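Given as structure tokens, the chain that follows is alone and in the form predicted alone.
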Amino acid sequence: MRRLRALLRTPLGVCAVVLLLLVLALAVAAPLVWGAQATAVDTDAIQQGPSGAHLLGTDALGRDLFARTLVATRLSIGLALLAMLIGVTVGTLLGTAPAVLPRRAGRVIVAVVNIAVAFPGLLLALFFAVVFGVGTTGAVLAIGFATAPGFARVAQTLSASVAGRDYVAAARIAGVGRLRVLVRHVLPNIAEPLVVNATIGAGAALLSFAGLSFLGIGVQAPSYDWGRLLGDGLNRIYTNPAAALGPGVAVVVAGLAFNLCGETIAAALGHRTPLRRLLSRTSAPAAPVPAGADDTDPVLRVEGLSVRFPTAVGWAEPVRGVTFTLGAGEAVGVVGESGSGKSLTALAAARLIERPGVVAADRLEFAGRPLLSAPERELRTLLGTSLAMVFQDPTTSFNPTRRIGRQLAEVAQEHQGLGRRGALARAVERLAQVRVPAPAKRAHQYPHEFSGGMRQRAMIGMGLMGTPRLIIADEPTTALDVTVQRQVLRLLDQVRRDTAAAVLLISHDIAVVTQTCDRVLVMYAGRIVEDLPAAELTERARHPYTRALLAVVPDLAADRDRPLGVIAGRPPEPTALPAGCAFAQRCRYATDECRSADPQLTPVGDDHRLACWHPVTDSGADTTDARISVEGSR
């Protein structure tokens, strides 16, 4: 409200309010004040020009054109708003339907909208006017349906841009259904541009209505709107220009009022468009633990996991043949360069890979339940209560239009059968558990009112709303300073110890993983190339790539006069993987065997697996060999 009051003090706000109030006041009062004068026939004053008695002159029956222009405000505005309401409703439904419907049905709707958008709006309006018939009802439906495709295209684009945000993925992990994700997380975040387009569309609908009435296929006698008055006035443009000027100015002023008002409202609302709760769903009972599963079974079992995406040159396989297990209370770190497949592996385990991506695995189980073959409904509750995910960027981890407490409470309402108050109370408890100061107050604040570290804590708190058996942390400290990084990592470690939840930590920082995790998985070009205990990483690492990662970690004792070390070359593209070992082109130990055959991940000792034809055997980390290219970093 304070922002709205501030905007009303600006010239834009003042003009918008004054014009809109004037138009609405005329729409309400004009028929009452000038209604009799507008319909009074005066045969002695037929087709007169402007005068003191008749400001715009009279028509063929001697009726006052100024009064008729004012009275026509109600019908013109009302029909335009009704047509725009139809267009907005139909357009929003068409634009957001692909996010709710099955893929094939969604693609059909997108194709229909794309075809309709290719036609000019006025041509569509004329087509629908012929279909629905001449008259007021036909014109309203014609303009409404002609406006819908353009609005649907805007809604499609906006909803697609929001659907990829982290908070939408978090809601899906929490088991929120597609329709509720659309209503709670997508529509509020695209409301501002939709409001702007709707108000601009109201002005356009007003002009379109005037055009149809001008052509004689809109409002019919004895009713009249600005379009009919404009058509009658143009017939006498050379003898009485004011007869056409009055309705024309009315259309321009009313359209300007809608546009300015829309800009003012959008600026005032920002991204805070409130949306009432449209759905009330009965909470599903907690998913039972599968028979035969116990605490000794792996929480996550992955065997032969692959993720593929279609490209113009064939299938790209950024994850290929990944195999590992994750036990209760165990912390496993995944390290590797960008593009090595770390995040995609985690997203596949969370069932967040959507078409056209294809996930395949010999075995992919979470809490003893197969993730690829089980129906989505059966897994929704299990994933919503037993899987927590902490995303890389805390800024995008939460829906900016909803308060933090309500976003946490949604999990309890969805899966634990708690009411609105009970779920919010639980959310406050979880915020306190992750050491957010003043949790009762913070629960009523928006994400932008939290610092980066507090947002990350709150994201962990969201995962604790259920009873997580697995926490996937995808680069949880990348956007944070080193002090907050340490706090977040300590918090994850404490949560793991308190709840016996397994933790899968994805990071570029091999030092962080070494200090935080029990085991380390080193990934390169979509495969695990080494798997060993974190405590023995620096001494027992035998893969040249692992040694290279260790070598480029800055050391406080290093010579500051020498440039920082980097790994020479670049990882191969998923669409152009070599025939043999993917690291062969960057490895000093590579032979013809490495370039022709890809080594498999095999055990080389207790808790140690390796995929390399020529592993490094010396215990000292050969950090200055030829495979580390030292380049200036000034």
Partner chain sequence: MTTELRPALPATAVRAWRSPWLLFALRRLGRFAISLWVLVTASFLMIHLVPGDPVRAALGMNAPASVVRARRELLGLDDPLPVQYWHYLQGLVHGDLGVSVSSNESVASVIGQRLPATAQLAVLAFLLVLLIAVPLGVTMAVATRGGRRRGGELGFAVSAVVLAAIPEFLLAVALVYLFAVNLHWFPVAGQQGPLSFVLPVVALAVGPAAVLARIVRVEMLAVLGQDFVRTARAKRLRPRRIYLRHALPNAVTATLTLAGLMLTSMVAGTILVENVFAWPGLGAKIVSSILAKDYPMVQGIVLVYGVGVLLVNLVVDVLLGVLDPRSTIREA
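Worth saying up front: this structure is predicted, and the values here are computed from it rather than measured. Heads up, when I say rigid core I mean the largest set of C-alphas that superpose within 1.5 Å between the two forms. Numbering follows the first chain given and starts at 1.
What follows is about the form predicted together with its partner chain, which we do not show.
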query: Gly384: touches its partner chain in the model of the complex, heavy atom cutoff 4.5 angstroms; finding: yes
query: Heavy atom of Gly211 within 4.5 Å of its partner chain in the model of the complex; finding: yes
query: Phe258, heavy atom within 4.5 angstroms of its partner chain in the model of the complex; finding: no
query: Close approach of Arg430 to its partner chain in the model of the complex, 4.5 Å, heavy atom; finding: no
query: The single option of Gly422, Pro400, Gly368, Gly304 touching its partner chain in the model of the complex, heavy atom within 4.5 Å; finding: Pro400
query: Answer option from Gln445, Thr323, Thr157, Thr136, heavy atom within 4.5 Å of its partner chain in the model of the complex; finding: Gln445
query: Within 4.5 Å of its partner chain in the model of the complex, all of Asn197, Ala328 and Leu418 (non-hydrogen atom); finding: no
query: Answer range among 353-361, 93-101, 72-80, 141-149 for contact with its partner chain, defined in the model of the complex as heavy atoms within 4.5 Å; finding: 353-361
query: In the model of the complex, residues of 194-229 near its partner chain [heavy atom within 4.5 Å]; finding: Leu207, Ala210, Gly211, Phe214, Leu215, Gly216, Ile217
query: Rigid core fit then Thr239 CA moved by 2 Å or more between the shown form and the other one; finding: yes
query: Cα displacement of Pro533 between the shown form and the other one reaching 2 Å, rigid core superposed; finding: no
query: Is_shifted Ser213 between the shown form and the other one (CA, 2 Å cut-off, rigid core); finding: yes
